[in-house]
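One chain comes next, on its own, written out as structure tokens in the form predicted alone.
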Amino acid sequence: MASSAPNSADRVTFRTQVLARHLHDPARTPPTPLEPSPCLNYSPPELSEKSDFDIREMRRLMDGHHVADRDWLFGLMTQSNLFCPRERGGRVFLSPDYNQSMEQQREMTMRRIEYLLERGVFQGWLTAKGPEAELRKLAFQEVMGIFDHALAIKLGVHFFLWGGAIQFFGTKHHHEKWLRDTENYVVKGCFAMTELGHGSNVRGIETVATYDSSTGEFVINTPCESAQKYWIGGAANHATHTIVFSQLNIHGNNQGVHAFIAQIRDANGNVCPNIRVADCGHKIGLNGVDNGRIWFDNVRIPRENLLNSVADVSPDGQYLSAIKNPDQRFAAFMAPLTSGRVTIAASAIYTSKVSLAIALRYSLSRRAFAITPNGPEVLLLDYPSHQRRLLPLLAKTYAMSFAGNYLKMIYVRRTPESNKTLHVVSSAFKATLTWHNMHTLQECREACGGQGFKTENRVGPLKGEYDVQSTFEGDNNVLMQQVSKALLAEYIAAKKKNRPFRGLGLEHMNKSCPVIPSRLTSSTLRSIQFQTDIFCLRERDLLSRFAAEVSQHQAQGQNKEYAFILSYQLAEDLGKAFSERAIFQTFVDAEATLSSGSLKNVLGLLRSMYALISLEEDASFLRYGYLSPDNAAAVRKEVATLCSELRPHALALVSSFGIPDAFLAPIAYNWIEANSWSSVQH
């Protein structure tokens, strides 16, 4: 049957004619030649972003203490090649070389410590006394953490944990024998508390110290594999001595956890007899710290190596302690962990400052997309969505910076009467500030796009370096449960004795319950009175609910501990409520020190942003009816308005952090020049 379709040759001829007409049609307009668009140029944000407040005064308020000493130490680090200076885009930047092997990073950490030791940085860290000396030490610790978390942690273990244990648990002869040699690094200390089988539950550790009255010695032993000391910073390579936390056994009676001094290496670095040490291996961060594992095979130490300020053992084996209650004795042995939580909380906020300074500076020079045809591309920070990502985190970082300063002050001025407050506040702030830091790092990493993925731009590696803060020196979730448990104890005591609340900031519960207006206007939302009332309302209501729920579980036959465990959801809500209210109060107190003016005005914006973003992010305000749906919507709208009002201050606010250019990253400055072909050749 013949086909009606044209054959193959006809189709080729037809298509050739069509193509020819298309190519040679004289009616078609000739194409215009492509014109190159001008190349992007870096424009420093300082040219267009102006400040209406005193940046130096803001920095003094933020740092709180020892600003000149901090700058001296920043300068000291920029003077040495040990801190890995690199030229990028016409500037020099300092950051650890994470391309080095684990062994090289550890070696560099020790070489940096030796450099700082020779220049007197650690002078008085253990031998000077008083709040001024302690604040100076904390300031230096924060500066070193801005450069490298591993350096700060290595020093923290040596000075704050090993040295702090000798200060707090030891007596005069321990101080005279160990503190100066520790300060001068003649002795290199570590802190052996954590075991493979027990981390947060220190009471359950399995290492045993048995007193031998016939020789006047303690015999320290690792009875099983789960009792090996684990994650001990400094143990793998460098430490010569350690504080060993062990169950004290005297004549077959267990007296609970106590602290002992044991030597693990000789002066030449050789591991001592009956000591076994192994490496914890490569980690997702902090590879400049030599975390190790330790086994004790019936290691004998003199009786004098028991740190005996809390309890002692006589030569004939009598157990002596002025603290008769075992729970109170155990609490006394946890004191060094308070210093760890203080330094961790402060360092977390300085890391948030680093990441926000980098991300916000980048967003003030990087453009993307135009909103009109042939119009200029828009700065990232001029997008409301980008403001919403970063500016609430900036406000939180300001708030938590004031909280960190408050925590440091109650730490350096601590008294036996303030120990409970210090424990609760340090637990709450350590958890809240480190969680905030990890959230901030992730958001800043994403806000920098692909450039945030580069190691040299710092934000990405900092995530791995600081991730550990959520679990060491107290798991954050466990710490927040301890906060709620302490609040519950205060509540029960006040109700049982029919006395007013005193301490922990709970005095607001002695007043009548705050009443929240049915309709929240912008001026109300920004008022200190409303913000105080809503935070206090949430805390007091959650505390009452928590106490009632625990009591209900007990009435149903559960013991107190299990009743608490079953009420974990309210415990989590309460811990957050306490922490955010306490942080807010430190902001209000800092703001109150200023007279009226531009500095106070911008702090008012930041305070309102902190308060309102806390309301928006916590479902408790809706769940328990503290805010109506309409008022929650008003809060959300006000957050967006505050973002637009804070936008003009963004550069000045991160400049107020006082972090030198060298400790930020190439994308915070001329990122085009830093990535130019000439930089590759250089």
Partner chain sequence: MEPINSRNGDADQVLVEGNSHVRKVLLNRPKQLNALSFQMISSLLELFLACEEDCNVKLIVLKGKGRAFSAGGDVAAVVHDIRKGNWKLGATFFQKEFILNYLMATYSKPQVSILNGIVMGGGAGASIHGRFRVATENSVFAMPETALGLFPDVGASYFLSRLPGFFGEYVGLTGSRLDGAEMLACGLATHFVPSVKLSLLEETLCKINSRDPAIVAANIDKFSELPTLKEKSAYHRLDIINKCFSRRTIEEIIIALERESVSTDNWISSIIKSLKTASPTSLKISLRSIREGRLQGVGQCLIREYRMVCNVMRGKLSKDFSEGCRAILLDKDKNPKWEPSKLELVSDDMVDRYFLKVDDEGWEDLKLPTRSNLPVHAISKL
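Numbering follows the first chain given and starts at 1. It should be emphasised that the depicted structure is a prediction, and the values quoted were computed from it without experimental measurement.
The following text describes the form predicted together with the partner chain, which does not appear among the structures shown.
Chemist: Using a 4.5 Å heavy atom cut-off, which of 231-239, 118-126, 183-191, 600-608 contacts the partner chain in the predicted complex?
Modeler: Going through the listed ranges, the match is 118-126.
Chemist: Is the partner chain in the predicted complex near all of 504, 507 and 641, within 4.5 Å of a heavy atom of each?
Modeler: No, the whole trio is out of contact, none within 4.5 Å by any heavy atom.
Chemist: 475, 71, 266, 572: which sits within 4.5 Å of the partner chain in the predicted complex by any heavy atom?
Modeler: After the contact test, the surviving option is 71.
Chemist: Would you mind picking the one in 133, 76, 280, 565 that has a heavy atom within 4.5 Å of the partner chain in the predicted complex?
Modeler: Flagged contact: 76.
Chemist: Test of understanding: in the predicted complex, would residue 89 fall inside 4.5 Å of the partner chain by heavy atoms?
Modeler: Yes.
Chemist: Heavy atoms within 4.5 Å of the partner chain in the predicted complex: does residue 617 have any?
Modeler: Looking in the predicted complex, residue contacts with the partner chain do not include residue 617, since no heavy atom lies within 4.5 Å.
Chemist: In the predicted complex, does residue 54 come within 4.5 Å of the partner chain, counting heavy atoms only?
Modeler: Flag for residue 54 set to yes.
Chemist: Taking heavy atoms and a 4.5 Å cut-off, does residue 140 contact the partner chain in the predicted complex?
Modeler: Contact check for residue 140: yes, within 4.5 Å of the partner chain in the predicted complex.
Chemist: Who in 645-674 is close to the partner chain in the predicted complex, meaning a heavy atom within 4.5 Å?
Modeler: Heavy-atom contacts within 4.5 Å come from 660, 661, 670, 673.
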